[in-house]
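As a starting point, one isolated chain is supplied in structure tokens, in the form predicted alone.
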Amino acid sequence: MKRLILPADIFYEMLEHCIGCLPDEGCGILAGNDSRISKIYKMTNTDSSPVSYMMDPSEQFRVMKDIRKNGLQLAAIFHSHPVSEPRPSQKDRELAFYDDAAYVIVGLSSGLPHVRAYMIKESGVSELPVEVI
């Protein structure tokens, strides 16, 4: 994946979800084909924490079934950083299990949301451009 393309309505729905989860981290899944996102799944952060997230396993199972049923792919996993910059933490890197998925981080510490996307692999972390259309 060379970039992540998000329709504006999905982009703003992701931001609203993350802001609505404050003071805790918000999280979710973005599905689509190739690098173009076409569906958002807002997930429950079972950690209920401002510094970590864990998606509800039963929600994840339902989402993965829906993604397959609709002929989509898991394109990205998103979460917010309420108290830090939108860069992958050590824990984010350790829990990045999907090599083909992008990891989107919504930074909320500066007052205005700042969104960045990354590919996280064993070989390292590389930033992806995010295009909102």
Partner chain sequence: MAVKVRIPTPLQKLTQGREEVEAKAGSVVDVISDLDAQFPGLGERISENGKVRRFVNIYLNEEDIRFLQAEQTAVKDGDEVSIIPAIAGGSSR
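All values derive from a computational prediction rather than experimental measurement. Residue numbers count along the first chain shown, from 1.
Keep in mind the form predicted in complex with its partner chain is missing from the figure; the text below concerns it.
Chemist: Can Asn70 be called a contact residue for its partner chain in the predicted complex at 4.5 Å between heavy atoms?
Modeler: Close contact is absent here: in the predicted complex, Asn70 is far from its partner chain, nothing within 4.5 Å, heavy atoms only.
Chemist: Contact with its partner chain in the predicted complex for Asp99, defined as at least one heavy atom pair within 4.5 Å: yes or no?
Modeler: Output for Asp99 is yes: heavy atoms within 4.5 Å of its partner chain.
Chemist: So, in the predicted complex, is Gln90 in contact with its partner chain at a 4.5 angstroms heavy atom limit?
Modeler: Residue-level check for Gln90: yes, a contact with its partner chain.
Chemist: Indicate whether its partner chain has at least one heavy atom within 4.5 Å of a heavy atom of Glu94 in the predicted complex.
Modeler: Answer yes; at least one heavy atom of Glu94 falls within 4.5 Å of its partner chain in the predicted complex.
Chemist: Looking at Ser48, Ser84, Ser35, Ser38, which is the one with a non-hydrogen atom within 4.5 Å of its partner chain in the predicted complex?
Modeler: Spelling it out, the residue with a heavy atom inside the cut-off is Ser84.
Chemist: Using a 4.5 Å heavy atom cutoff, which residues in 37-68 contact its partner chain in the predicted complex? It's fine if the answer is none.
Modeler: In sequence order, Pro50, Val51, Ser52, Tyr53, Met54, Met55, Pro57, Ser58, Gln60, Phe61, Met64, Lys65, Arg68 come within 4.5 Å of the partner.
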